[in-house]
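The chain below stands alone and is given in C-alpha cells; this is the form predicted alone.
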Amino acid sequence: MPREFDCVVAGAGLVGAPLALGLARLGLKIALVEQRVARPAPSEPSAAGSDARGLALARSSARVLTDVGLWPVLAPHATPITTVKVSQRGHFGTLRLSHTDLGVEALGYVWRADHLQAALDAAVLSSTVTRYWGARVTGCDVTETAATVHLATTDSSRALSAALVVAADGVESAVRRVAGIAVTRHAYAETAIVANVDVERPAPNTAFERFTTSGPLALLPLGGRRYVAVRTADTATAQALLATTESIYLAELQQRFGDSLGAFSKLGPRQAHPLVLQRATKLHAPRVLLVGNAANTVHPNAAQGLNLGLRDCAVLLTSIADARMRGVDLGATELLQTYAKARAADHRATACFTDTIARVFALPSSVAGATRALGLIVVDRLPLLKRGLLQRLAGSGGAY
C-alpha cells in the first residue's frame, strides 16, 4: 500500500496541533486525527469562551509556538510571569523567583486554554495539514515500509498510511494502546480543582505557589484582577469542595492563601482533574512514537506537564528535520531510538521533580514543615540553587 502521508499525528490538542504545524512547515505531508466531532471554525482567540482555565507555559514552550508560526497571534493574549512566590502555609520562609535572576524578559506566560486551543485550531485549518475530525483510532498495522492507522467515525471507517505515527492523544492514548505499549501508574488520590477568581489587590505578572499539608494552591495571573486558582486536595475533600456554595469555596481559598492579595471574589466555574503520575514503559514501537501526556502525565505542581509535552515537540521536530536532510526514513528504528534517548533524561527528571515536591510537601509533621521552610530560605539565598531551579521551571534545566 503506498504511503499517503509522511506522518499521522493522533490528537489535535495543545501538543498534537503544534507538532502537526511544525511538521507541515518542514514540507511534510501530515494527517491530523482528532476525536472532537465539531469541526472548529477559524476564529481569533478573543472569540473563545468567557471564563476558561489558564495555562502556564515556560519560555521553552513559547519558543516552540514561535517556531511553528503562532507567536504573532498568541502574544497579544499572553500574560507574562515576571515573578513567582513560593511559600508554605503556617511556616516562615518564602522563595522569590524573578526574571532578573535569569536576565530574561519573563519566566513564562499564562494563556487561557480556550484562547490557545482556538488559535491552534485556526492555524491548523489554514495550513496544509489534512484533518480528520470526529475520528478515533481503532487499530494500527505496521510493515517494513509503512504504518496503517485505522479510523472510525460515527458513520464510516477508513485507513491512513504513513511512514510514522505520533501519539499525541493524551493520557488514555488509543495509539499507545493499539501499539501495545504499557504504562506504570500511580494515583495520588488527589484532585485539582481549577477555577478563576478576582482578587482585590492584584500583584501584576506574579504567580503564587502556596503549599499546605492538604495540597498546594497555585494562583496564575490572567491580567487585571483575574487569576486562575488551582486548589489541590484529597479526592474526598475535593468532592465536598465542588459541592459547596460560591461563598464557602471563596472563603476556603482565602483562608488557605491568606490576605496578601485582599479579598477573593467572582468565582468562575469549577473543574475537577484527578491527579496521577503515569509513564509509558517505552516511547516507541515500530513506526510509532509517543509525545505529551501519551508518554508522561505528571503532578501539576510547578506547571510542568504541558511544557514537558512541548519540549517533546521541539526535540522531535529537530530529529525529523535532521533525518530528512540525511534521507533517513521517518519511521526508521534509528530515528525512533534517537528521539527516545534524547527525551529520557528530561522525562525522568521532570517526573521525579514533580513527584518529590508532591510527596515532600504532603508530610504532616511540624519537623517536616520546619525543614521545608528552611529549604525555601536556603534556595532563596543561594543564587546557584535558585538559578538551577529557574532553569528547570523555564524548561532548560536538563536532568538532575
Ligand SMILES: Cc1cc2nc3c(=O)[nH]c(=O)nc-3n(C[C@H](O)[C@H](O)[C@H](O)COP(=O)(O)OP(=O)(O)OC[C@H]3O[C@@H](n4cnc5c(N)ncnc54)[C@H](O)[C@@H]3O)c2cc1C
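Since the structure is predicted, the reported quantities are computational estimates derived from the model, not experimental observations. Numbering starts at 1 and follows the sequence shown.
Same protein, other form: the form predicted in complex with the named molecule, not shown, and the subject of what follows.
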Exercise. Using heavy atoms and a 4.5 Å cut-off, decide whether A135, D169 and G292 all contact the named molecule in the predicted bound form.
Key: yes
Exercise. Considering the named molecule in the predicted bound form, find the one stretch among 66-74, 53-61, 350-358, 331-339 with heavy atoms no farther than 4.5 Å from it.
Key: 53-61
Quiz item: Would G305 count as a contact of the named molecule in the predicted bound form, using a 4.5 angstroms cut-off between non-hydrogen atoms?
Solution: yes
Quiz prompt | Contact of G22 with the named molecule in the predicted bound form (heavy atom, 4.5 Å) | solution = no
Exercise. With heavy atoms only and a cut-off of 4.5 Å, decide whether V199 touches the named molecule in the predicted bound form.
Key: no
Quiz prompt | Distance check, P300 to the named molecule in the predicted bound form, heavy atom within 4.5 Å | solution = yes
Quiz prompt | The single option of R131, R225, R279, H273 touching the named molecule in the predicted bound form, heavy atom within 4.5 Å | solution = H273
Quiz prompt | Selected contact from A323, A192, V288, A123, since only one has a non-hydrogen atom within 4.5 angstroms of the named molecule in the predicted bound form | solution = A192
Quiz item: Along 316-349, which positions have a non-hydrogen atom within 4.5 Å of the named molecule in the predicted bound form?
Solution: none
